[in-house]
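Two forms of a single protein chain come next, each set out by itself as C-alpha coordinates; they are called structure 1 and structure 2.
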Structure 1
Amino acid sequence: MGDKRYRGKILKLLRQDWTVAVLFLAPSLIGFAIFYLIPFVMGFFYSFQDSTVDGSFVGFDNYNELYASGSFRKAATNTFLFTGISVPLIVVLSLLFAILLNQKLFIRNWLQTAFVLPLVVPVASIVMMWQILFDWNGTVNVWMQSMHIERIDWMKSDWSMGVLVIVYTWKNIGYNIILFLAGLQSIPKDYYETADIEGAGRFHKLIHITLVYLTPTMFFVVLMSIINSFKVFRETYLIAGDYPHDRIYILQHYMNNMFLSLDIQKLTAAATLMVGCILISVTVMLSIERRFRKFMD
(Lines of atoms letter the chains of each structure in order from A and count residues from 1; the text may use other names and numbers.)
(Lines give C-alpha, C1' and ligand atoms only; values in the text may rest on other atoms or scores of the structure.)
Protein backbone atom coordinates (compact mmCIF):
# COMPACT_ATOMS: atom_id res chain seq x y z
CA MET A 1 0.00 0.00 0.00
CA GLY A 2 2.84 2.36 0.85
CA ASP A 3 4.52 1.81 -2.54
CA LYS A 4 1.24 2.50 -4.38
CA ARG A 5 0.68 5.73 -2.48
CA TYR A 6 4.27 6.78 -3.15
CA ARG A 7 3.92 6.04 -6.89
CA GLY A 8 0.62 7.89 -6.97
CA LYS A 9 2.21 10.97 -5.46
CA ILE A 10 5.05 10.82 -7.99
CA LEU A 11 2.62 10.51 -10.92
CA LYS A 12 0.53 13.36 -9.58
CA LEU A 13 3.64 15.50 -9.22
CA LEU A 14 4.79 14.68 -12.76
CA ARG A 15 1.42 15.76 -14.17
CA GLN A 16 1.82 19.29 -12.84
CA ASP A 17 2.82 21.93 -15.36
CA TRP A 18 5.74 23.37 -13.41
CA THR A 19 7.26 19.90 -13.00
CA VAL A 20 7.09 19.25 -16.73
CA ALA A 21 8.62 22.66 -17.41
CA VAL A 22 11.49 21.98 -14.99
CA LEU A 23 12.19 18.60 -16.59
CA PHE A 24 12.35 20.15 -20.05
CA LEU A 25 14.55 23.03 -18.88
CA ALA A 26 16.83 20.93 -16.68
CA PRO A 27 19.37 19.93 -19.40
CA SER A 28 19.77 23.54 -20.55
CA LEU A 29 19.94 24.87 -16.99
CA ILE A 30 22.54 22.28 -15.99
CA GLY A 31 24.65 23.07 -19.05
CA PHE A 32 24.34 26.83 -18.41
CA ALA A 33 25.38 26.35 -14.78
CA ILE A 34 28.38 24.13 -15.62
CA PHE A 35 29.78 26.10 -18.55
CA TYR A 36 28.75 29.69 -17.72
CA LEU A 37 27.42 30.42 -14.24
CA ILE A 38 29.85 28.40 -12.10
CA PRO A 39 32.99 29.47 -14.05
CA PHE A 40 31.90 33.12 -13.84
CA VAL A 41 31.32 32.90 -10.07
CA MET A 42 34.73 31.26 -9.64
CA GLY A 43 36.35 33.93 -11.81
CA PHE A 44 34.64 36.66 -9.77
CA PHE A 45 36.24 35.31 -6.59
CA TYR A 46 39.62 34.85 -8.33
CA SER A 47 39.58 38.56 -9.26
CA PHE A 48 39.96 39.39 -5.55
CA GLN A 49 42.84 36.96 -4.94
CA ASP A 50 46.55 37.03 -5.73
CA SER A 51 46.60 33.46 -7.05
CA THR A 52 44.15 30.84 -8.26
CA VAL A 53 45.85 28.17 -6.13
CA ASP A 54 45.90 28.80 -2.36
CA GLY A 55 45.50 32.49 -3.07
CA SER A 56 44.90 35.13 -0.42
CA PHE A 57 42.36 37.95 -0.51
CA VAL A 58 43.87 41.18 -1.88
CA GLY A 59 40.75 43.31 -2.20
CA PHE A 60 40.65 45.60 -5.23
CA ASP A 61 44.38 45.39 -5.98
CA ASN A 62 43.79 43.53 -9.26
CA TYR A 63 41.26 46.15 -10.37
CA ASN A 64 43.66 48.96 -9.46
CA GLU A 65 46.30 47.30 -11.64
CA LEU A 66 43.79 47.21 -14.48
CA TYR A 67 43.09 50.93 -14.20
CA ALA A 68 46.83 51.61 -14.18
CA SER A 69 47.35 49.47 -17.30
CA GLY A 70 47.57 51.44 -20.52
CA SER A 71 46.64 48.43 -22.64
CA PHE A 72 43.47 47.85 -20.61
CA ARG A 73 42.41 51.49 -20.89
CA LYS A 74 43.03 51.38 -24.61
CA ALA A 75 41.03 48.15 -24.98
CA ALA A 76 38.13 49.49 -22.90
CA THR A 77 38.05 52.78 -24.81
CA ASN A 78 38.03 51.00 -28.18
CA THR A 79 35.31 48.60 -27.03
CA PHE A 80 32.97 51.36 -25.86
CA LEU A 81 33.76 53.41 -28.95
CA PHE A 82 32.89 50.47 -31.18
CA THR A 83 29.64 49.86 -29.27
CA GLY A 84 28.75 53.56 -29.37
CA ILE A 85 29.18 53.68 -33.15
CA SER A 86 27.91 50.28 -34.25
CA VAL A 87 24.79 49.92 -32.10
CA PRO A 88 23.00 53.15 -33.19
CA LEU A 89 24.07 52.50 -36.79
CA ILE A 90 22.75 48.94 -36.93
CA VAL A 91 19.49 49.85 -35.15
CA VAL A 92 18.73 52.71 -37.55
CA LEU A 93 19.67 50.71 -40.67
CA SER A 94 17.76 47.60 -39.61
CA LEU A 95 14.66 49.70 -38.86
CA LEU A 96 14.82 51.43 -42.25
CA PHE A 97 15.30 48.15 -44.10
CA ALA A 98 12.48 46.51 -42.11
CA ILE A 99 10.11 49.35 -43.05
CA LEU A 100 11.21 48.94 -46.67
CA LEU A 101 10.69 45.17 -46.64
CA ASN A 102 7.28 45.62 -45.04
CA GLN A 103 6.13 47.24 -48.28
CA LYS A 104 5.02 45.34 -51.38
CA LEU A 105 8.24 45.09 -53.40
CA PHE A 106 8.87 42.79 -56.34
CA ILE A 107 12.36 41.98 -54.97
CA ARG A 108 11.17 41.57 -51.38
CA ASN A 109 11.97 37.84 -51.13
CA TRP A 110 15.40 38.34 -52.66
CA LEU A 111 16.23 41.13 -50.20
CA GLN A 112 15.06 39.08 -47.22
CA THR A 113 17.30 36.22 -48.28
CA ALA A 114 20.25 38.57 -48.77
CA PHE A 115 19.87 40.05 -45.29
CA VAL A 116 19.37 36.72 -43.51
CA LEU A 117 22.16 34.87 -45.36
CA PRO A 118 25.03 36.25 -43.17
CA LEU A 119 23.39 34.68 -40.11
CA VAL A 120 23.94 31.15 -41.43
CA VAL A 121 27.38 31.69 -42.99
CA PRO A 122 30.29 30.50 -40.77
CA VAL A 123 32.42 33.24 -39.24
CA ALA A 124 35.58 31.93 -40.91
CA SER A 125 33.97 32.28 -44.34
CA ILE A 126 32.81 35.80 -43.52
CA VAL A 127 36.28 36.81 -42.40
CA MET A 128 37.85 35.33 -45.53
CA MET A 129 35.46 37.33 -47.69
CA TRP A 130 36.23 40.59 -45.89
CA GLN A 131 39.95 39.85 -46.05
CA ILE A 132 39.60 39.52 -49.82
CA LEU A 133 37.89 42.90 -49.90
CA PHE A 134 40.13 44.88 -47.52
CA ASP A 135 43.51 43.22 -47.91
CA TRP A 136 46.43 45.30 -49.21
CA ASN A 137 45.97 43.57 -52.56
CA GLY A 138 42.22 43.21 -52.05
CA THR A 139 39.29 44.22 -54.21
CA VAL A 140 38.74 47.64 -52.65
CA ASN A 141 42.37 48.68 -53.11
CA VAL A 142 42.32 47.44 -56.71
CA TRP A 143 39.26 49.62 -57.40
CA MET A 144 40.93 52.58 -55.72
CA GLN A 145 44.10 52.07 -57.73
CA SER A 146 42.08 51.91 -60.95
CA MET A 147 40.63 55.34 -60.03
CA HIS A 148 44.17 56.64 -59.31
CA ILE A 149 43.57 56.75 -55.54
CA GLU A 150 46.36 55.71 -53.19
CA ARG A 151 45.97 52.31 -51.55
CA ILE A 152 45.11 52.04 -47.85
CA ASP A 153 46.28 49.33 -45.48
CA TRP A 154 42.79 49.07 -44.00
CA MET A 155 43.47 46.78 -41.04
CA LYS A 156 46.68 48.55 -39.99
CA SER A 157 45.36 52.09 -39.91
CA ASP A 158 42.63 54.11 -38.22
CA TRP A 159 40.26 52.82 -40.92
CA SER A 160 40.29 49.42 -39.20
CA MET A 161 37.53 50.51 -36.78
CA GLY A 162 35.32 51.39 -39.76
CA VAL A 163 35.96 47.99 -41.34
CA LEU A 164 35.06 46.25 -38.08
CA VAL A 165 31.83 48.26 -37.80
CA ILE A 166 30.90 47.30 -41.37
CA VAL A 167 31.59 43.60 -40.70
CA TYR A 168 29.55 43.66 -37.47
CA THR A 169 26.65 45.49 -39.13
CA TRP A 170 26.60 43.17 -42.14
CA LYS A 171 26.75 40.07 -39.93
CA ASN A 172 23.99 41.04 -37.47
CA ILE A 173 21.61 43.30 -39.39
CA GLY A 174 19.50 40.38 -40.66
CA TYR A 175 18.53 39.29 -37.15
CA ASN A 176 17.43 42.81 -36.23
CA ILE A 177 15.44 43.15 -39.45
CA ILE A 178 13.53 39.95 -38.62
CA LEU A 179 12.66 41.33 -35.18
CA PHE A 180 11.54 44.68 -36.57
CA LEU A 181 9.48 43.00 -39.30
CA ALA A 182 7.69 40.91 -36.68
CA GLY A 183 6.97 44.10 -34.71
CA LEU A 184 5.74 45.96 -37.79
CA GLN A 185 3.40 43.17 -38.82
CA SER A 186 1.88 43.04 -35.32
CA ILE A 187 0.69 46.69 -35.55
CA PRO A 188 -3.07 46.70 -36.35
CA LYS A 189 -3.85 48.04 -39.83
CA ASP A 190 -6.85 49.92 -38.41
CA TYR A 191 -4.55 52.55 -36.91
CA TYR A 192 -3.08 53.40 -40.30
CA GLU A 193 -6.52 53.42 -41.95
CA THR A 194 -7.83 55.80 -39.29
CA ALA A 195 -4.80 58.05 -39.77
CA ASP A 196 -5.38 58.07 -43.54
CA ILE A 197 -9.01 59.11 -43.03
CA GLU A 198 -7.88 61.96 -40.78
CA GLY A 199 -5.40 63.09 -43.44
CA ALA A 200 -2.19 62.19 -41.60
CA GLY A 201 0.99 62.10 -43.66
CA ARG A 202 3.66 59.39 -43.81
CA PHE A 203 5.94 61.16 -41.34
CA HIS A 204 3.10 61.62 -38.84
CA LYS A 205 2.17 57.91 -39.09
CA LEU A 206 5.82 56.92 -38.70
CA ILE A 207 6.31 58.98 -35.53
CA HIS A 208 2.94 58.54 -33.83
CA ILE A 209 2.04 54.98 -34.84
CA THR A 210 4.97 52.95 -36.12
CA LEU A 211 7.69 54.07 -33.70
CA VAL A 212 5.32 54.13 -30.70
CA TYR A 213 4.16 50.55 -31.17
CA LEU A 214 7.66 49.41 -32.13
CA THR A 215 9.14 50.71 -28.88
CA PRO A 216 9.23 47.32 -27.03
CA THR A 217 10.81 45.70 -30.09
CA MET A 218 13.30 48.55 -30.39
CA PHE A 219 14.40 48.18 -26.76
CA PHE A 220 14.96 44.46 -27.32
CA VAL A 221 16.90 45.09 -30.54
CA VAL A 222 19.11 47.65 -28.78
CA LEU A 223 19.83 45.21 -25.95
CA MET A 224 20.72 42.39 -28.33
CA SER A 225 22.86 44.73 -30.42
CA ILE A 226 24.80 45.85 -27.33
CA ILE A 227 25.37 42.24 -26.25
CA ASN A 228 26.42 41.21 -29.77
CA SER A 229 28.82 44.17 -29.98
CA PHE A 230 30.79 42.61 -27.10
CA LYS A 231 31.00 39.34 -29.06
CA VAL A 232 32.78 40.69 -32.12
CA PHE A 233 36.13 39.25 -30.98
CA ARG A 234 36.02 36.25 -33.33
CA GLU A 235 35.86 38.44 -36.41
CA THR A 236 38.57 40.79 -35.17
CA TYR A 237 40.83 37.95 -34.06
CA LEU A 238 40.55 36.08 -37.37
CA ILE A 239 41.09 39.24 -39.43
CA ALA A 240 43.92 40.87 -37.46
CA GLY A 241 45.33 38.26 -35.04
CA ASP A 242 46.42 38.54 -31.38
CA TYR A 243 47.79 42.09 -31.54
CA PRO A 244 45.80 44.09 -34.10
CA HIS A 245 46.09 47.79 -34.80
CA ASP A 246 45.60 49.99 -31.73
CA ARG A 247 42.25 51.20 -33.05
CA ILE A 248 40.64 47.74 -32.87
CA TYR A 249 42.44 46.36 -29.82
CA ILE A 250 39.36 45.55 -27.71
CA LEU A 251 38.70 44.01 -24.30
CA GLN A 252 38.51 40.47 -25.65
CA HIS A 253 42.02 40.86 -27.09
CA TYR A 254 43.26 42.01 -23.71
CA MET A 255 41.63 39.08 -21.92
CA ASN A 256 42.89 36.61 -24.52
CA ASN A 257 46.46 37.88 -24.09
CA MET A 258 46.14 37.71 -20.29
CA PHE A 259 45.01 34.09 -20.66
CA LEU A 260 47.99 33.25 -22.86
CA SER A 261 50.34 34.79 -20.28
CA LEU A 262 48.45 32.96 -17.46
CA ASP A 263 47.68 36.25 -15.70
CA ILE A 264 44.37 34.89 -14.43
CA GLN A 265 43.83 37.69 -11.90
CA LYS A 266 43.79 40.45 -14.51
CA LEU A 267 41.77 38.24 -16.86
CA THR A 268 39.02 37.60 -14.32
CA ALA A 269 38.98 41.21 -13.16
CA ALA A 270 38.58 42.45 -16.76
CA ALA A 271 35.86 39.87 -17.43
CA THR A 272 33.99 40.91 -14.28
CA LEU A 273 34.11 44.57 -15.28
CA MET A 274 32.86 43.79 -18.79
CA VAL A 275 29.96 41.68 -17.49
CA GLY A 276 29.17 44.40 -14.97
CA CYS A 277 28.98 47.01 -17.73
CA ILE A 278 26.66 44.79 -19.77
CA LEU A 279 24.40 44.17 -16.75
CA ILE A 280 24.25 47.90 -15.99
CA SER A 281 23.33 48.64 -19.62
CA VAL A 282 20.62 45.97 -19.62
CA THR A 283 19.23 47.19 -16.28
CA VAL A 284 19.09 50.81 -17.47
CA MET A 285 17.38 49.81 -20.73
CA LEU A 286 14.78 47.67 -18.94
CA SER A 287 14.10 50.48 -16.47
CA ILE A 288 13.58 52.96 -19.32
CA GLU A 289 11.26 50.49 -21.08
CA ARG A 290 9.13 50.00 -17.96
CA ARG A 291 8.78 53.74 -17.46
CA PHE A 292 7.84 54.20 -21.10
CA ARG A 293 5.17 51.52 -20.88
CA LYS A 294 3.68 53.18 -17.79
CA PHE A 295 3.71 56.51 -19.62
CA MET A 296 1.95 54.97 -22.62
CA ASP A 297 -0.66 53.29 -20.40
Structure 2
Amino acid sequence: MGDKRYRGKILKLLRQDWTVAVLFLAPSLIGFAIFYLIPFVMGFFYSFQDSTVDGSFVGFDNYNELYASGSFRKAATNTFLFTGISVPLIVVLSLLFAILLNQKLFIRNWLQTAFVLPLVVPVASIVMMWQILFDWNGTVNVWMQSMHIERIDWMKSDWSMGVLVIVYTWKNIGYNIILFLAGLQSIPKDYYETADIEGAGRFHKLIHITLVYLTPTMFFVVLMSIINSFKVFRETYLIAGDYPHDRIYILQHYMNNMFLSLDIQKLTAAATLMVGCILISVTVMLSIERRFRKFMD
Protein backbone atom coordinates (compact mmCIF):
# COMPACT_ATOMS: atom_id res chain seq x y z
CA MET A 1 0.00 0.00 0.00
CA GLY A 2 2.71 2.44 1.06
CA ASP A 3 4.86 1.23 -1.81
CA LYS A 4 2.14 1.99 -4.32
CA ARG A 5 1.61 5.48 -3.00
CA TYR A 6 5.33 6.03 -3.14
CA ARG A 7 5.49 4.94 -6.74
CA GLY A 8 2.55 7.11 -7.64
CA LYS A 9 4.29 10.09 -6.12
CA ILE A 10 7.44 9.45 -8.10
CA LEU A 11 5.47 9.14 -11.30
CA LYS A 12 3.72 12.37 -10.54
CA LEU A 13 7.01 14.09 -9.82
CA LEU A 14 8.51 12.79 -13.05
CA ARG A 15 5.58 13.98 -15.02
CA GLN A 16 5.84 17.31 -13.32
CA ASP A 17 9.51 17.76 -14.09
CA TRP A 18 8.85 16.83 -17.68
CA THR A 19 6.08 19.31 -18.25
CA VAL A 20 7.90 22.01 -16.38
CA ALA A 21 11.06 21.36 -18.38
CA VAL A 22 9.12 21.68 -21.63
CA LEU A 23 7.66 25.00 -20.52
CA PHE A 24 11.02 26.38 -19.43
CA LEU A 25 12.78 25.12 -22.54
CA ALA A 26 10.14 25.98 -25.11
CA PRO A 27 11.05 29.60 -25.92
CA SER A 28 14.72 28.79 -26.27
CA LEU A 29 14.20 25.53 -28.09
CA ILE A 30 11.84 26.94 -30.71
CA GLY A 31 14.21 29.77 -31.63
CA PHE A 32 17.23 27.53 -31.40
CA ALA A 33 15.65 25.01 -33.73
CA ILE A 34 14.67 27.62 -36.32
CA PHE A 35 17.93 29.53 -36.41
CA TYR A 36 20.52 26.90 -35.55
CA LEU A 37 19.40 23.29 -35.54
CA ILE A 38 17.29 23.19 -38.69
CA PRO A 39 19.85 25.16 -40.76
CA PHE A 40 22.45 22.73 -39.58
CA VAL A 41 20.50 19.69 -40.73
CA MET A 42 19.44 21.42 -43.95
CA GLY A 43 23.05 22.23 -44.79
CA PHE A 44 23.97 18.61 -44.28
CA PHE A 45 21.29 17.43 -46.70
CA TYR A 46 22.05 20.10 -49.30
CA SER A 47 25.60 18.87 -49.45
CA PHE A 48 24.34 15.63 -50.99
CA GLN A 49 21.95 17.23 -53.49
CA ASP A 50 22.44 18.94 -56.83
CA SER A 51 20.17 21.88 -56.05
CA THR A 52 18.55 23.49 -53.02
CA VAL A 53 15.19 23.64 -54.80
CA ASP A 54 13.75 20.22 -55.66
CA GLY A 55 17.23 18.79 -55.71
CA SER A 56 17.88 15.12 -56.22
CA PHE A 57 20.32 12.99 -54.31
CA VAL A 58 23.74 12.91 -55.93
CA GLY A 59 25.79 11.07 -53.33
CA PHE A 60 29.28 12.39 -52.92
CA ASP A 61 29.39 14.31 -56.20
CA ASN A 62 29.61 17.67 -54.47
CA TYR A 63 32.46 16.42 -52.35
CA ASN A 64 34.35 15.11 -55.35
CA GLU A 65 33.92 18.42 -57.10
CA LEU A 66 35.05 20.18 -53.96
CA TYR A 67 38.13 18.03 -53.72
CA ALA A 68 38.98 18.81 -57.33
CA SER A 69 38.75 22.53 -56.67
CA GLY A 70 42.14 24.13 -56.26
CA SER A 71 40.86 27.07 -54.26
CA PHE A 72 39.16 24.77 -51.77
CA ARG A 73 42.34 22.80 -51.18
CA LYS A 74 44.24 26.04 -50.81
CA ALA A 75 41.72 27.31 -48.27
CA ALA A 76 41.67 24.05 -46.33
CA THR A 77 45.46 23.88 -46.21
CA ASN A 78 45.72 27.45 -45.00
CA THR A 79 43.07 26.90 -42.33
CA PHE A 80 44.89 23.83 -41.00
CA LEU A 81 48.21 25.64 -41.19
CA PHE A 82 46.91 28.67 -39.35
CA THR A 83 45.30 26.65 -36.59
CA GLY A 84 48.38 24.42 -36.39
CA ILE A 85 50.72 27.37 -35.91
CA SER A 86 48.65 29.78 -33.89
CA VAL A 87 47.06 27.44 -31.33
CA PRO A 88 50.28 25.90 -29.92
CA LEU A 89 51.88 29.34 -29.94
CA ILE A 90 49.09 31.10 -28.10
CA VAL A 91 48.79 28.29 -25.54
CA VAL A 92 52.50 28.40 -24.71
CA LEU A 93 52.62 32.21 -24.58
CA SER A 94 49.49 32.57 -22.49
CA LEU A 95 50.72 29.91 -20.04
CA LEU A 96 54.02 31.75 -19.72
CA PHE A 97 52.37 35.12 -19.14
CA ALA A 98 49.85 33.61 -16.70
CA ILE A 99 52.68 32.11 -14.65
CA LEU A 100 54.48 35.48 -14.67
CA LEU A 101 51.32 37.37 -13.76
CA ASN A 102 50.77 34.94 -10.90
CA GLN A 103 54.01 36.11 -9.24
CA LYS A 104 54.32 38.98 -6.84
CA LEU A 105 54.32 42.11 -9.01
CA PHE A 106 53.77 45.81 -8.69
CA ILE A 107 50.51 47.08 -10.27
CA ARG A 108 49.58 43.46 -10.97
CA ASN A 109 45.90 44.17 -11.64
CA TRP A 110 46.75 46.93 -14.11
CA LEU A 111 49.09 44.64 -15.99
CA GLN A 112 46.44 41.94 -16.17
CA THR A 113 43.93 44.46 -17.50
CA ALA A 114 46.35 45.37 -20.28
CA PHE A 115 46.44 41.75 -21.43
CA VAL A 116 42.66 41.34 -21.33
CA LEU A 117 41.69 44.67 -22.88
CA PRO A 118 42.24 43.64 -26.55
CA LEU A 119 39.50 41.05 -26.03
CA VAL A 120 36.84 43.75 -25.81
CA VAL A 121 38.21 46.08 -28.47
CA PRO A 122 36.05 45.62 -31.58
CA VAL A 123 37.95 44.24 -34.55
CA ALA A 124 36.84 46.97 -36.93
CA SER A 125 38.21 49.75 -34.74
CA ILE A 126 41.75 48.42 -34.74
CA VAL A 127 42.05 47.39 -38.38
CA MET A 128 43.55 50.77 -39.29
CA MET A 129 46.41 50.10 -36.90
CA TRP A 130 47.20 46.73 -38.45
CA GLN A 131 47.21 48.31 -41.88
CA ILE A 132 49.57 51.05 -40.77
CA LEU A 133 51.88 48.58 -39.07
CA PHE A 134 52.08 45.94 -41.78
CA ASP A 135 51.82 47.90 -45.02
CA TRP A 136 54.69 47.81 -47.50
CA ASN A 137 55.38 51.41 -46.52
CA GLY A 138 54.28 50.66 -42.98
CA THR A 139 55.72 51.16 -39.55
CA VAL A 140 57.13 47.68 -38.98
CA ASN A 141 59.15 48.10 -42.16
CA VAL A 142 60.35 51.47 -40.88
CA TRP A 143 61.63 49.76 -37.76
CA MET A 144 63.25 47.01 -39.79
CA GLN A 145 64.88 49.54 -42.09
CA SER A 146 66.38 51.30 -39.09
CA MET A 147 67.84 47.98 -38.00
CA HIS A 148 69.17 47.48 -41.55
CA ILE A 149 66.92 44.54 -42.31
CA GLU A 150 65.42 44.20 -45.76
CA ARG A 151 61.77 45.25 -45.67
CA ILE A 152 59.02 42.71 -46.23
CA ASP A 153 55.73 43.03 -48.02
CA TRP A 154 53.84 41.60 -45.06
CA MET A 155 50.34 41.39 -46.45
CA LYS A 156 51.29 40.29 -49.95
CA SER A 157 53.63 37.41 -49.21
CA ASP A 158 53.68 34.23 -47.14
CA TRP A 159 54.35 36.48 -44.17
CA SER A 160 50.67 37.45 -44.20
CA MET A 161 50.03 34.24 -42.28
CA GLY A 162 52.47 35.55 -39.67
CA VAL A 163 50.57 38.83 -39.44
CA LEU A 164 47.38 36.88 -38.91
CA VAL A 165 49.01 34.87 -36.12
CA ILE A 166 50.09 38.13 -34.45
CA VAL A 167 46.62 39.67 -34.78
CA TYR A 168 44.98 36.51 -33.43
CA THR A 169 47.40 36.21 -30.52
CA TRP A 170 47.03 39.87 -29.61
CA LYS A 171 43.27 39.58 -29.47
CA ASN A 172 42.82 36.21 -27.77
CA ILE A 173 45.73 35.82 -25.40
CA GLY A 174 43.89 37.58 -22.58
CA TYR A 175 41.13 34.99 -22.67
CA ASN A 176 43.58 32.13 -22.16
CA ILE A 177 45.49 34.04 -19.49
CA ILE A 178 42.29 34.47 -17.48
CA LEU A 179 41.61 30.73 -17.69
CA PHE A 180 45.17 29.77 -16.78
CA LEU A 181 45.25 32.21 -13.87
CA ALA A 182 42.10 30.62 -12.47
CA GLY A 183 43.73 27.21 -12.88
CA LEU A 184 46.95 28.35 -11.20
CA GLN A 185 45.12 29.85 -8.27
CA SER A 186 43.19 26.63 -7.68
CA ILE A 187 46.39 24.60 -7.09
CA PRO A 188 46.71 24.22 -3.30
CA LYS A 189 49.69 26.15 -1.91
CA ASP A 190 50.79 23.31 0.34
CA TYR A 191 51.75 21.17 -2.66
CA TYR A 192 54.50 23.67 -3.33
CA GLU A 193 55.39 23.88 0.35
CA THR A 194 55.76 20.12 0.59
CA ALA A 195 57.93 20.15 -2.52
CA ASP A 196 60.05 22.91 -0.96
CA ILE A 197 60.60 20.81 2.15
CA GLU A 198 61.64 17.88 -0.04
CA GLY A 199 64.10 20.18 -1.73
CA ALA A 200 62.53 20.25 -5.20
CA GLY A 201 63.90 22.78 -7.68
CA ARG A 202 61.88 25.43 -9.46
CA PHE A 203 61.85 23.51 -12.74
CA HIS A 204 60.83 20.30 -11.01
CA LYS A 205 57.91 22.06 -9.35
CA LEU A 206 56.82 23.57 -12.68
CA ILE A 207 56.74 20.18 -14.40
CA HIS A 208 55.44 17.98 -11.61
CA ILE A 209 52.99 20.27 -9.86
CA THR A 210 52.00 23.26 -11.99
CA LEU A 211 51.71 21.55 -15.35
CA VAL A 212 50.08 18.39 -14.01
CA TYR A 213 47.37 20.26 -12.12
CA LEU A 214 46.91 22.70 -14.98
CA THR A 215 46.21 19.96 -17.53
CA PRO A 216 42.38 20.08 -17.26
CA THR A 217 42.52 23.85 -17.83
CA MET A 218 44.92 23.20 -20.69
CA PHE A 219 42.36 21.05 -22.50
CA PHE A 220 39.77 23.76 -22.30
CA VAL A 221 42.24 26.45 -23.36
CA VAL A 222 43.28 24.44 -26.42
CA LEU A 223 39.65 23.83 -27.34
CA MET A 224 38.73 27.51 -27.01
CA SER A 225 41.85 28.52 -28.92
CA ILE A 226 40.88 26.30 -31.82
CA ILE A 227 37.36 27.70 -31.85
CA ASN A 228 38.65 31.26 -31.64
CA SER A 229 41.12 30.56 -34.43
CA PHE A 230 38.14 30.28 -36.79
CA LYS A 231 37.01 33.76 -35.80
CA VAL A 232 40.17 35.32 -37.21
CA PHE A 233 38.24 35.57 -40.45
CA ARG A 234 36.81 38.88 -39.26
CA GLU A 235 40.26 40.40 -39.06
CA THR A 236 41.42 38.91 -42.33
CA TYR A 237 38.33 40.08 -44.08
CA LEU A 238 38.59 43.63 -42.77
CA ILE A 239 42.31 43.93 -43.40
CA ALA A 240 42.49 42.26 -46.78
CA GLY A 241 38.96 41.92 -48.20
CA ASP A 242 37.29 39.13 -50.19
CA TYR A 243 40.38 37.95 -52.00
CA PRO A 244 43.45 38.35 -49.79
CA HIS A 245 46.91 36.99 -50.52
CA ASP A 246 46.89 33.26 -51.30
CA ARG A 247 48.49 32.39 -47.98
CA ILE A 248 45.63 33.74 -45.88
CA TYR A 249 42.74 32.63 -48.06
CA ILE A 250 40.96 30.46 -45.49
CA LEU A 251 37.87 28.26 -45.52
CA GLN A 252 35.56 31.07 -44.47
CA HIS A 253 36.70 33.14 -47.46
CA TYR A 254 35.99 30.17 -49.63
CA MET A 255 32.51 29.66 -48.19
CA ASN A 256 31.77 33.37 -48.36
CA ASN A 257 32.81 33.54 -52.00
CA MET A 258 30.89 30.39 -52.89
CA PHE A 259 27.88 32.07 -51.32
CA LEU A 260 28.35 35.22 -53.38
CA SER A 261 28.76 33.20 -56.56
CA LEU A 262 25.74 31.08 -55.55
CA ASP A 263 27.65 27.81 -55.69
CA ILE A 264 25.58 26.37 -52.85
CA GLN A 265 26.61 22.77 -53.42
CA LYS A 266 30.29 23.38 -52.88
CA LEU A 267 29.53 25.66 -49.96
CA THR A 268 27.42 23.16 -48.07
CA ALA A 269 29.85 20.34 -48.79
CA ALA A 270 32.73 22.46 -47.51
CA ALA A 271 30.69 23.43 -44.46
CA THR A 272 29.83 19.81 -43.70
CA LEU A 273 33.48 18.82 -44.00
CA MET A 274 34.50 21.64 -41.69
CA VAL A 275 31.87 20.65 -39.13
CA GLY A 276 33.11 17.07 -39.35
CA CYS A 277 36.69 18.11 -38.72
CA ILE A 278 35.73 20.28 -35.77
CA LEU A 279 33.61 17.52 -34.24
CA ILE A 280 36.36 14.95 -34.66
CA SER A 281 38.97 17.17 -33.04
CA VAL A 282 36.64 18.05 -30.16
CA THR A 283 35.76 14.39 -29.58
CA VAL A 284 39.41 13.38 -29.63
CA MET A 285 40.26 16.17 -27.16
CA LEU A 286 37.48 15.18 -24.81
CA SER A 287 38.36 11.48 -24.86
CA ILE A 288 42.01 12.24 -24.13
CA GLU A 289 40.84 14.42 -21.29
CA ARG A 290 38.68 11.64 -19.89
CA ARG A 291 41.58 9.24 -20.02
CA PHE A 292 43.78 11.80 -18.30
CA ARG A 293 41.21 12.22 -15.53
CA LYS A 294 41.06 8.47 -14.94
CA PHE A 295 44.82 8.44 -14.86
CA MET A 296 44.86 11.22 -12.24
CA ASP A 297 42.41 9.36 -10.02
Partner chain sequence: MALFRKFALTLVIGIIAAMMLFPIVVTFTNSLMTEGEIDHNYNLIGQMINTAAGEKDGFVNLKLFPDWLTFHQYAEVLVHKPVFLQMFWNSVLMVTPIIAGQVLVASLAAYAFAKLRFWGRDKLFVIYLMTMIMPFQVTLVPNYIIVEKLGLMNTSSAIILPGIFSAFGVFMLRQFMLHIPNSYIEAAKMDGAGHLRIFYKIIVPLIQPGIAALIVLLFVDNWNMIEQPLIFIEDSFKQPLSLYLSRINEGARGVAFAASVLYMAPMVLLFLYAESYFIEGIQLSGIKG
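As the structure is a prediction and not an experimental result, all values here were calculated from the model. Here, a residue number simply tells you its place in the sequence of structure 1, counted from 1. Between two forms, the rigid core is the largest collection of C-alphas that superpose within 1.5 Å.
- Working note: structure 2 is the copy from the form predicted together with its partner chain; the remaining copy is not.
- With the core held fixed, residue 59 shows a CA shift below 2 Å between structure 1 and structure 2.
- Once the cores line up, the CA of residue 262 ends up less than 2 angstroms apart between structure 1 and structure 2.
- With a cut-off of 2 Å and the rigid core superposed, residue 30 has a Cα displacement that reaches or exceeds the cut-off between structure 1 and structure 2.
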